[in-house]
Structure formats: structure tokens, C-alpha cells
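Structure 1 and structure 2, given next as C-alpha cells, are two forms of the same protein chain, each shown alone.
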Structure 1
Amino acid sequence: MSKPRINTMEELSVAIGVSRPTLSRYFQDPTRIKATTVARIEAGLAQVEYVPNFFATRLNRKSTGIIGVIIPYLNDLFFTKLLEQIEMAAMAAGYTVITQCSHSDPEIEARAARTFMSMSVDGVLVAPLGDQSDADIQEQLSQRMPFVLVDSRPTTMPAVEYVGTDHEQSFGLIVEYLCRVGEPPVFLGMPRVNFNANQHESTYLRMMAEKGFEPTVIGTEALDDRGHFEAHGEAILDDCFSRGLYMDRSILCANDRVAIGALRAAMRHGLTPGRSQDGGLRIAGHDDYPLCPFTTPALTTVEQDFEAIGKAAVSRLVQLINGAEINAAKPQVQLFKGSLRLRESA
């Protein structure tokens, strides 16, 4: 019942009586071959088990048809959603996607970069680690092949093709909203290794200054180094609440995962953040983490347009692969706007 297995195109060509070069062309683009021959090949193929060798095919094509993707970690639905969009878009464009995860480790990230170089990948999409990314390797990679940065942009490589959210605009939305309808917010941040969180912090500071409010930043020192966003948010805020601080203020978190921890801290102290109460506790985040609609209370946040970012990143990379001009002095930067998601928590 199991079909005879064939390992090489050579064998296949004798098995079904079609020459090897014809088979080679068939596997690359069947339309270049006469319909009757295609039918003969496919009839033969149905009788046996054969898959062209991936390595041999990629070894001497001019283009490998592979897009490499590097993401910093997996245990975050944000990257997961982004990756999903990227993979679907790349697949639709006819590319094979190979994803490597840095697992928060610069060494693993560098290894992934080397792997992609050794694969002569057509291009790479990189969502960098925070400020720990190995700048040299990133630089090498970007010199060597089409390279588009996604999600966040290290301060060490400003002049690079980039696709992401316009954090000034998007975080600005939530700062503005909180200031407008209630108490000016306290910023609950993170240790300063995450570029987006840093940008949120500076946006917060700038806007508070503009509006003439006194800024308050907490949480930029870690209380525990487990490094989980939620645990960090909970620990910081629990500590504050225990000291009676900020219990009726607006807490604006650097991102939703921190905010989820903040919600937990509020709950533990018997507080229910919400926008209905005047002057009471409010909690808000940023990103529109997929679980935000299901938290208690549902989290008010700013949505990032993952789909647009993923698609734009792939589409720009494909342009570069197809030889689009890169203005080295002024690389293309695509920033997408965020949009406010008003729910219950603020």
C-alpha cells in the first residue's frame, strides 16, 4: 500500500520516462512545460513517493526563496500575532519562512543571524531584543542582505528600514485621553531595556510637561528579576498600594502585560479600577494584547495594527529583494497609527 520511495530526480526520470532537466523545470514552474508532458509527470508522481531535496535545490538557485524572521521571544501574544501575520503574508508572496527565536538571549539571536547568512536567505525581518542585541552582527546582516526591522528600533541602528507603530502618536492617545477625562496619570514603566517602553516613557514625560502636569514615573527599577511583565507590574503596584500610594490615581502602564499585573495588584487590594467612578483608580495599558477584552475589568488600551505592520514589513522586504533602491542616507520608515480601545478599566 505504501508507494515506492524515490530519492533523486535521476531515479525519478527513469521511473516515469521523462528526462531530468524536464523534471527540474517542472518542479520549478510547470507552466513552462507542455500540458501533455505535465500530465505524464503528474501521473507518474502519483505512483511514487518523491520530494525534491530542499538543500540541493537551494544550493544553486540564484534565489533561495527563503525569508528569515528573528523574534526576541515567543511567550508573548504580541509577537505571536505579529509572526502569524508575517508568515501568512510571506507565504502568500511565495516565500518559505524560517523563524528563529532569540529566547531573550543575544547569543542565540546572533546564532540565528549567522544561520540566515549561511542559508543565503533572500532577506530577513528582525524584531530585536532590547538594548542587548549584538549590534555588530545586526549590522553585518543588514549589510549583507535585504533587512527590515520590525516592532522596535535599537538606538544603536537608527538608519535602517523599519516598520512599526508610531509610538509617539499611539501612546500619546492614551496619555491625552487620561489627562482629558480625569486625573493625570502616573507612568508605570519597566527597567529601561525595552525600546518601546522607553519611548512610551519619554512620550509620557513630554506630554505631561506640555500640559503642565507633574509627571510621576514608577517601576523603572525591577523588584524581582524574573523579568515577566505581569509579575513586574503586580509587584511594583502592590508595593505602592501597600504604602497607600496612588490608590485613587490613574495608572498608565508601559504595556498591557504590565497592566494585567497592575489589575491583579488592584484586585488584591480590593480596588476596582474603572472609568465610571470620579477620581477613583484607573488603569490603562498599550498594545491591545489579545486578552484585554477578557480581563476584569476589561482593559482600556491602545490597539497596534499588527496586521498592517506584518504585511507592510513583508511587502517592503519583498520590494528590497526585488531590487528596490535603498536610500542609505534616508531609509524607508513606515509608522502605523494606534487607535484607542476604551473599555472598562479607565
Structure 2
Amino acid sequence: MSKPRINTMEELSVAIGVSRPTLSRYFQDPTRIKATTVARIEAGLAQVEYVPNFFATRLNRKSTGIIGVIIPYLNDLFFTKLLEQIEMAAMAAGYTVITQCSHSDPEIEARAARTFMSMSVDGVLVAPLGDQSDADIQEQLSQRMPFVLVDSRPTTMPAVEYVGTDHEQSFGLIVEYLCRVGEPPVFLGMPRVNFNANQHESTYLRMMAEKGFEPTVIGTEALDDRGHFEAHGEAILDDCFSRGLYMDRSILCANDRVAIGALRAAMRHGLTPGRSQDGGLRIAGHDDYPLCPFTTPALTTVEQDFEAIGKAAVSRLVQLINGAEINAAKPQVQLFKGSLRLRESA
């Protein structure tokens, strides 16, 4: 037989014969009441269908037990992988994660920040859009609750703590590798709206100068309005290959999503990146997007340490929630090295 459904704590109090304040204390912290009462409540709960209201059980707590996370894209497996690690680390620390997506829109990002402030979450992790993020809202957020940046660190937020990849080291790995195994690479960028892509471009330019090579940067202007990632990479290289350009060069893409589009352009022109052992077309990216091992050919890239970043970001946020101090003049920055992942494309 189905169990009777209980909708409110008042109904539950009557059903199992325990006062509502006692039930409230039980759901907040069972150790606060007698063991015999805990046993009575648990026996009663086993006889009914009842799910306590998450927020109601936290009304009188100093902590909500919630960490807010803001990411820029829902359709990007990079952030899915990062969010997975954040959620695992948060659960291990006893927190629930609520995620908001800014959908690459500064106004939506600001609204998400306001939502978390209105919910009085314990702290927030933000993967920001970049310098186009609303600096005033981010300042309000930092004044209201613990706040840590992940993935990218805009120049507009120098006082906010940050956990992410050492992009100079990680992108430097792939630049050095491509210079070593063939012709110096061409950099296939994207419209300059992505903070990490901009940092990759600047690292490329610096390393090419250090090695005495002439840099070649393409793709910083959109050919159409189809997007800044896969479609952009395909459109730029389709245009170049149609004009006979860069068909026997190494192409280093701003990130893996751009590189996936570049691989498709190569296929359309009958080119197989990485086929030639001595020179020839090579295509590489950065991030180790989850689909990279399954592209054709499999994409050479640099892996970001998602697990370390997720754990460190949550750990530092929990420290701040528990009262750790921030040095506003020198906020904590944790950078993790990338690892080269050599595959067929380069």
C-alpha cells in the first residue's frame, strides 16, 4: 500500500506526534535532540511520504549550505566537466551547488549574481565572461559574500581571488611543441571577446618573438554571425584553404572548439591534418575538450587540470565562508599547469 503523503511540517508533527520545533531541529541537526526522539522521528518518517522543504529547514541557520556557481555557456562541455568537479568537491564538503548560466550575456550574468545575493547563499564561484562583465555587480557580490573566480580572471576584477590554469605555461607548451616538430604555427584566434583566447594570443606572440619567428594571426574578425567557436574555426579555415593558404602549415587554434571547426574545414578540402610526418598541415588546440579523443583525426591539445581546479576553488571558497581573511592588496591566485596531449592531428 502507498504511504500517506504529508505536505507540511505541521501535518508531519501531528502524524508522528512530535512538536514542530523539535522536527525543525531534527532536520537542521539531528544531534541537537535526544537519541530516543531521533528514533521516534525516523520511525514516523518511514511510515509517510514527506520531503522537507530545503529552504525552510535553513531559515534559522547562519549558513544556507549552498554554493552558487555562474558559468558562461550551457552547451560547452568544458564547463560541464569543470562543473562536475566543482559539484563533487562541494558535496564532499557538505554543500549543495546551484548553477546559473549567463548565456554569454553580461546582463544575465549580473542577474544571476543578484539572484545569489537575494538567496543569501554562503559563497559564489564565477566563471566570468571577461572584461565585459558588470564590474559594479561583481563588486557588490564581493562585499556581500565570499566570491572566487574560476577559469578566467578579467582585468576589471584584480582584487578577487582566482583559481585556474596557468595559461602562459599551458599554451606555451603547444607553441613550443609545434615550433619543434614543423613550420612555426599560424594562430587561429577568434573575435576578441574571450579572455582566455586573448591570453593565448598574447602568449603565442610572445613565444614567437622569443624564438625569432614571424607570427601570423588569423580569425580575430568574424566572417559571419554564426558564432565564435566551431562555426568560426570552420569558416576562417574554409576561406583560407579556398585561397590556397596554410594548407601545409601548423594551425594552432585559440581553443579546442575552434579547432574542431578547423578539422571540419580540412575535411571539406580533402586535407588530413597530421598525416605527413615531415611538415604538412597540423591542427592543434587547447583545453582537452571531452570530444578531442574522438574527432577525426583525434585532436592534439593541452589538458587543463579540471579536478585540481574544481577542488581548489571549492576548498578556497569554503575557507572564506569559514572566516579566512583576504589580502585585498594581494588576493590569493592559484594556477595549475597544463599537460600536452599528443594525438593524430599534430
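Because the structure is predicted, anything quoted here is derived from the model rather than measured. Heads up, when I say rigid core I mean the largest set of C-alphas that superpose within 1.5 Å between the two forms. Reference numbering: structure 1, starting with residue 1.
- By the stated condition, namely the form predicted together with a further copy of the same chain, the first structure is the one that fits.
- Remark: with the core as the superposition reference, the CA shift of Gln332 between structure 1 and structure 2 stays below 2 Å.
- For Asn322, a C-alpha deviation below 2 angstroms is recorded between structure 1 and structure 2 after rigid-core alignment.
- When two forms of a protein are overlaid on their rigid core, residues whose CA moves 2 Å or more are considered shifted, and Thr296 is not one of them between structure 1 and structure 2.
- Relative to the superposed rigid core, Glu10 shifts its CA by 4.4 Å between structure 1 and structure 2.
- For Arg20, the Cα deviation between structure 1 and structure 2 after core superposition amounts to 3.7 Å.
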